[in-house]
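Okay, here we've got a single chain as C-alpha cells, the form predicted alone, with questions on binding and movement later.
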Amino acid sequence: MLKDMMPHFDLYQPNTLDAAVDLAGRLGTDGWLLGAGQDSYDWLKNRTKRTPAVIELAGIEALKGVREVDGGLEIGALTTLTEIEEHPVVRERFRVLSLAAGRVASPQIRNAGTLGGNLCQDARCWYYRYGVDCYRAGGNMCYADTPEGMNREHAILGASRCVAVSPSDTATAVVALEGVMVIRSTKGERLVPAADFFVQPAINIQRMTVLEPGEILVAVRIPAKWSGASYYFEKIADRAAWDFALVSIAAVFVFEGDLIKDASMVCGAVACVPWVLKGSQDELRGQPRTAETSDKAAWAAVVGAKPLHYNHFKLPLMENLVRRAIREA
C-alpha cells in the first residue's frame, strides 16, 4: 500500500490559462490537474493512483488573486488559503470564508495550499486512500460501513454505499455564501452553484465534484447577497491544527430587529458533500433569536441522520453547533 515512491509521469507546466485548457482537453482522463499538490502527491507517491501525465497549474497568474466584482468577489482557484484568510475585503465582508480558510491544517500548508485544491480534494477515508477495493475505488463493499469498520469520522447523513465525508473546510463557507464555481474547458465556460458542485455518492460514487475530464476550476465567485452579514464558523477536530473536522459549521444570518430575516447554514464532515441545513433555515426565517427557535433549528438539522457504529456523538455535536451559531452570530 504505502510505497512512498513517485511513479513516472509526463509533466506539463503551462503558464497561460488557454494553454492549460488546451492541454486538459487533449489529455482528458490522462491529465492529472495539479495546484499545490498536497493532496495529489499523497496519491501518487503511495501509488494508490497513477496517471500518465500531470498538468501543473502553479505558473498561471490568471488563476490567482482576489478581485471585487459587482459588489461581490471573484477568487482565483490558485489563491492561497493564507491570502484568503488575511485579505482585508474577505475579512471585512465575507469573514466566514476567512475563518474557514484559517482553520485548514497548519500555517505551512495554508501558505502553499489553494482554494481550488481545498475544494476539490478527494475523500480522506483511510480504507479508500490506502488502496482497499471499496465502492469508491470501484469495488463492491464499503469497509467503513460495517459493525467492525472504523467509522468515527464518517457520514451520518446523505450516505449511499460510500460513507466518506467531504473533507474541505472552505467548502462549507463557500456553499453558505451561495458561491458560484467558474469552470473552463475547450467547450467554453460554465457556472455551477457551489451547492451543486459537490457530488453525492448516489449520483456518482467515484467522483467528489461535477468536474468532467478536461475541465478546470478557474475561480469561485462570491455574490454580494451575504456581504456584511452576521456570521459564525466553528470546526471541531481532535487537534487544533493539522486535523480534519469531526463536525464543522459555517453560517450567515441577516437580522431585522429581533427577527432572523434570512439564514444560510452548512455543516461539514457529516455527509459526503457539504450538508445544507435546509430544515434549520426554514425554522429560522422570520423567527426571533430565542432558545426555543434555536432548539427547533437544532432538531431539524439532524432529521434523517443515520449514525454508524462509532459516530453517534456527531448528532449532539451537530445540534449544539447549530445552537451556538444562532446564539453567537
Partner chain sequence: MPMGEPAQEWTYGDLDATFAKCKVVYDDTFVHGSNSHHSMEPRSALAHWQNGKCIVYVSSQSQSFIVPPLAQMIGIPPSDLVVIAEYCGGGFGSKGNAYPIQALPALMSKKINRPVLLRISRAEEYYNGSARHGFQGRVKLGFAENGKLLAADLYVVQENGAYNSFWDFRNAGDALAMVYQPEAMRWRGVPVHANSPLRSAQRGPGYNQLVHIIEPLIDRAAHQLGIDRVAIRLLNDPVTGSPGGVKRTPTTSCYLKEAIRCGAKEFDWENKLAMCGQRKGSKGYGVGVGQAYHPAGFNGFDGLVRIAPDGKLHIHTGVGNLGTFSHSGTSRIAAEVLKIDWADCVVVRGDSRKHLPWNIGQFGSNTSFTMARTNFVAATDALNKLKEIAAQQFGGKPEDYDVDGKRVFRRGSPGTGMTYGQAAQRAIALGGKFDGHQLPEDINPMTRDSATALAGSGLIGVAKDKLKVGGETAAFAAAFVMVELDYETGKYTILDFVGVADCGTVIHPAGLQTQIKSGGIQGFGVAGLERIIYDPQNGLPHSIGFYQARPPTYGDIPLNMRTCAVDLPDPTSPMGTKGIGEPLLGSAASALLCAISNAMGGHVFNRTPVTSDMILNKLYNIPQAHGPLQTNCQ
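It should be emphasised that the depicted structure is a prediction, and the values quoted were computed from it without experimental measurement. Positions refer to the first chain, counted from 1.
From this point on, the text means the form predicted in complex with the partner chain, which you will not see here.
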TL;DR on 217-225, 188-196, 148-156, 87-95: the one with heavy atoms within 4.5 Å of the partner chain in the model of the complex is 148-156
Of the residues Leu246, Cys120, Ala229, Leu73, which one places a heavy atom within 4.5 Å of the partner chain in the model of the complex?
-> Leu246
Note: exactly one of Val182, Ala237, Val254, Leu211 sits with a heavy atom within 4.5 Å of the partner chain in the model of the complex, namely Ala237
Decide if the three candidate residues Ile203, Trp275 and Lys278 all line the partner chain in the model of the complex, where lining means a heavy atom within 4.5 Å.
-> no
Looking in the model of the complex, any heavy atom of Leu259 within 4.5 Å of the partner chain?
-> no
Considering only heavy atoms, tell me if Ala305 and the partner chain come within 4.5 Å of each other in the model of the complex.
-> no
Although the partner chain is absent from this view, report whether Tyr127 comes within 4.5 Å of it in the model of the complex, heavy atoms only.
-> yes
Does anything in 298-324 come within 4.5 Å of the partner chain in the model of the complex by heavy atoms, and if so which residues, in order?
-> His309, Tyr310, His312, Phe313, Pro316, Leu317, Asn320, Leu321, Arg324
